[in-house]
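Just the one chain here, laid out as structure tokens, in the form predicted on its own.
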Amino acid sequence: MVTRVVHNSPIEASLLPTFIRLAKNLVAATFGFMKLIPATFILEQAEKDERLKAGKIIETTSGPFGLALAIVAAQRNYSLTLLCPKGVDPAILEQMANLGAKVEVLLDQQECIDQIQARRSKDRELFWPSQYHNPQNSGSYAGVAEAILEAMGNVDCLIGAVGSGGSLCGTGKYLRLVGQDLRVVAVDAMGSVLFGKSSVPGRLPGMGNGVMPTTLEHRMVDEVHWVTSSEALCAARRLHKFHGMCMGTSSGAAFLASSWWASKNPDKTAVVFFPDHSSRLFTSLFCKETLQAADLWLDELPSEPKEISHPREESNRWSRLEWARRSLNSWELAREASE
């Protein structure tokens, strides 16, 4: 007998994953829109604490979290202002504005943060979810960890793309708290500061960052993979071709790293996060002429990552580092000592 669950809203349906087996020892935890998890949780906690009495929200976003806030704010009739750094996908900007958010594009994330602080100093009723520094971001994923335990039992490895670090660190922390001997694998974009590289243009939607979030707990991470934009796009197309899953670039990057990890550890079970589908990116994923013009087309992916020994080691292709649950500062100190 098939039991079907009827959800009360698309938001409710997005709060827990659907599990899809990609290989004998690799399962994808897929979401309609993962960022709805922290957006809903943070706003509900603010309602309980009466920090949203005025119904005014302000946040900085590179896209996905802002879109999730806009969806929840529209349903709850809140006023939302979103400050976005340059480079956010115009289609996402339009979606946020169509949901009723006031969208402003500034130079970079630091300018966005400075503007938020300046505006809140004049209007203390503005609620700032602060996804990069709010521990409730990570805390919102306890339900995801419980769903993994219920569906999978023992899990050896958790793999996911990192932006704020909330989903990977929040889920991983809970799984370890209940006794899972868990390996955590972070997947980052090349143009990201998260694991010690210098920020350069080209960060991928839904992963990477130009500022360092406190929600990313470096000591939780066992290994890091860096993936280029062209590799993430190619991997997303491969995921679509061989598994019929039309997912975004962050999912493509995570698929690349997780497929390799699963093949190297055939006796271990891994779960990989696929945060959302590619409806916002469909054209850029599959239009060969557009991608070739932007020098983002790849016909084939590398069969394995380039092994590097330090986060600052330069590489222009998919790379891997054994992070070994170290702090970011310990890597910097080690580099200084060797120079």
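Each residue number is its position in the shown sequence, starting from 1. Because the structure is predicted, anything quoted here is derived from the model rather than measured.
Below: the form predicted in complex with a small molecule, not depicted.
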| query | finding |
| --- | --- |
| Single option in A236, L82, V162, I159 placed near the small molecule in the predicted bound form, where near means a heavy atom within 4.5 Å | V162 |
| Location of the small molecule contact in the predicted bound form, chosen stretch of 30-38, 48-56, 293-301, 308-316 [non-hydrogen atom, 4.5 Å] | 30-38 |
| Non-hydrogen atom within 4.5 Å of the small molecule in the predicted bound form for each of G196, T228 and W323 | no |
| Partner proximity in the predicted bound form: S167 to the small molecule, non-hydrogen atom cutoff 4.5 Å | yes |
| Interface membership of Y141, the small molecule in the predicted bound form, 4.5 Å heavy atom rule | yes |
| Residue contact check: S250 to the small molecule in the predicted bound form, 4.5 Å heavy atom | yes |
| In the predicted bound form, A186 touching the small molecule (heavy atom, 4.5 Å) | no |
